[in-house]
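This document opens with one chain alone, in structure tokens, the form predicted alone.
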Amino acid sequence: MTLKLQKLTKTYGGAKALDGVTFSVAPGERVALLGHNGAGKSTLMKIVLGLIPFDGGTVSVLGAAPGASRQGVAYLPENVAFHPALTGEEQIRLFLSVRGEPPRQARDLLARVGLHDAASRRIGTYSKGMRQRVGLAQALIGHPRLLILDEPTSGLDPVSRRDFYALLDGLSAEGASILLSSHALTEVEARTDRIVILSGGRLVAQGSMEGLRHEAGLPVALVVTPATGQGGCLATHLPQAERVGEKLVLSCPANQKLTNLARIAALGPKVADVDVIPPSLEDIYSHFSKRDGQ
């Protein structure tokens, strides 16, 4: 495992910021770390990076103690800061020199994050999203085996967010492990392999979207669009459904989805369309957080 946490505990003044957290990240795996403010995400990341000590449990980063393998670990904070008088290329060349890498790689790194055309501009003229991409370029120096990303798409526009996740997909395919903290649940739902949910310093759920949906047992929504003039008739045939505008929404347990779809299909031409909407990551996150009493 690239990263392995076993019963990790951290206490501040008698209050447990992390309480027995156990999970791992495999090579090439993309793991989303979710939790409300104060759930323990930042504390966990700082421990993994070797920036603060922990009180109990074990932490293995690239097979060593936190901080011992920093050459293979990259970190991108939510709010990056660079010297405004330097150009993007000058800043990355400086980081490359510090890491013992050839400074000539700066342009290629900036091109990977979509900043090739802005490489000669001073960072003081960059938007927040552009500065965030400079931070990502810095994080890619040295081909890290583990990337720790804290709200990495903060300040990025929709196109840049799409390009960012495409870049992560490529890094994952090359074997890099990614631990990503984000409040943008709709983004990470389809672009991560596994989800870890913290609440009050404790791990309350982890798994794939499919696994978490099964564990949560939340209902599936069947959204039925009536054929022209058939709304009233469909409401009679589907009395449990809720009218939402011109549509009918029928909620049912996942194990009853096929039975209800068969009922709807039997109505034939009275139905214009039907959409199956499973629980979203937002629904799942809310479920497990509430179950923990938060």
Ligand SMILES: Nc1ncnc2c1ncn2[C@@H]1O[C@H](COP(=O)(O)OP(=O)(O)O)[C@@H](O)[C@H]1O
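Sequential numbering from 1, following the sequence displayed. Bear in mind that the values here come from a model prediction, so they are computed numbers and not experimental data.
There is another form of this protein, the form predicted in complex with this ligand, and it is not shown here; the text below is about that form.
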TODO: Could you tell me which one of Q240, N37, T259, T236 places a heavy atom within 4.5 Å of this ligand in the predicted bound form?
DONE: N37
Task: Contact assignment for this ligand in the predicted bound form, among S42, T225, S251, Q230, heavy atom within 4.5 Å - done: S42
- [ ] Could you confirm whether A17 comes within 4.5 Å of this ligand in the predicted bound form, counting heavy atoms only?
- [x] yes
TODO: Could you tell me which stretch in 262-270, 42-50, 66-74, 243-251 has residues with non-hydrogen atoms within 4.5 Å of this ligand in the predicted bound form?
DONE: 42-50
